[in-house]
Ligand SMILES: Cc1cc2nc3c(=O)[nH]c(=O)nc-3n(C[C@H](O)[C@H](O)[C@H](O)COP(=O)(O)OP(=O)(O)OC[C@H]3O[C@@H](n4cnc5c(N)ncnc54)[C@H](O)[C@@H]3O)c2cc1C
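Next comes just one chain, in structure tokens: the form predicted on its own.
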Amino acid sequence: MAASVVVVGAGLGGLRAAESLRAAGFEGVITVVGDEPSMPYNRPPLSKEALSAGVHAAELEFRRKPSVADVNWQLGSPVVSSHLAARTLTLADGTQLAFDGLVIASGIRPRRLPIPGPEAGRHVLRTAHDAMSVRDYLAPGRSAVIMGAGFIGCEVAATARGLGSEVHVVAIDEQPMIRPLGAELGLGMRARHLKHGVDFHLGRTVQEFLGGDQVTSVLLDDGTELPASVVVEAVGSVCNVEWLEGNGLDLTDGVLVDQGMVVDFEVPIVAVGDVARHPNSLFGNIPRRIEHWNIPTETGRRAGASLAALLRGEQPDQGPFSAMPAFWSDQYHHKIQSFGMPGIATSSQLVEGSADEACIFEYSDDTGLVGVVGVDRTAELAPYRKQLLER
């Protein structure tokens, strides 16, 4: 009887892992389970183009290789529990699936804060449906309150201003995007948003949502009341690992894996994408979760090859994993691009331009350069990528 693999998560990481399994010669049954009814689609546009134009999930679908044409797609019901030693999974609709090998690609979801007040009018931005729901509220004469000043919050702020909404950004942070960009460039990005009319409330938290059945305003901890046609919560993420509890895995921050994306367990299991806490030889081999757009592809390729080897009874490649983290962000007409891991730096330095204009910042720790960020200087970052790959 042919071996079977279940991929839990129908996002980019799950798709790339399935393609990698086939590329590595696995000919058994592959079943991909996803909580959304949609095939794998591109999420970064949800806070930008899709939010602005109202694009549907089908228009954002990734092209799938012919090698995965025979994959079983079991969509619309998530996995809710697992007995990994027995190699079984249970879905929310009661379906039970058995597997010989497992790919953990369940990703992350937006964090929700326990704030009193009505629930209607509070939104997150993770799915195409979320984007469509928020889009309905963004128009001239409407007021959007965005909780969180990270990349998603700032991208939504820029999109909402482009659609004519009044925008208030509330965040506990000192500057927007301070964790990946640092205080100096964060201040420069704040200046760009201020030019477009975004109102920042930094160092503040939301104390209560006000209104009857629907949020109509937001009360801050300093007593300020902000009108709110819609609230978008962008205050970080939570790993989707509840279905793995009770199996003895290290779920401290996502799922711990080795260089091959292999989980330390008696059954062949790998993890990919945002949920995988993996070492990277470019940055000290310290296991970290990296929520950058290219990581699901890089980890998916490695994981599929590793799992195929394990199912053949072979040892997977134990060579160093050295994928280059990269991200970009479009805000108004500005393009922010990064290579490496600026967020682990202990210092940053402006090397080109100025923080509130086109610029390049270098980020370093005691090992040297660990990251670079360019704003409207994309073409000049290629040498930095090469330099970082040589670490």
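What you see is a predicted model; the values in this text were computed from it and never measured. Numbers follow the displayed sequence, beginning with 1.
Below: the form predicted in complex with this ligand, not depicted.
- In the predicted complex, H292 approaches this ligand with a heavy atom inside 4.5 Å.
- In the predicted complex, this ligand sits within 4.5 Å of a heavy atom of D35.
- Under a 4.5 angstroms non-hydrogen atom cutoff, this ligand in the predicted complex has F327 among its neighbouring residues.
- In the predicted complex, this ligand sits within 4.5 Å of a heavy atom of V8.
- Across the proposed site, P78, I152 and D274 without exception bring a heavy atom within 4.5 Å of this ligand in the predicted complex.
- Listed residues F283, W243, W73, F200 were compared with this ligand in the predicted complex; W243 is the one with a heavy atom within 4.5 Å.
- This chain is displayed alone, yet in the predicted complex one of R126, R135, R190, H123 has a heavy atom within 4.5 Å of this ligand; that residue is R126.
- The stretch from 78-86, 303-311, 177-185, 209-217 that comes within 4.5 Å of this ligand in the predicted complex, counting heavy atoms only, is 78-86.
- Residues of 98-135 that come within 4.5 Å of this ligand in the predicted complex, judged by any heavy atom, are A105, S106, G107, I108, L125, R126 in sequence order.
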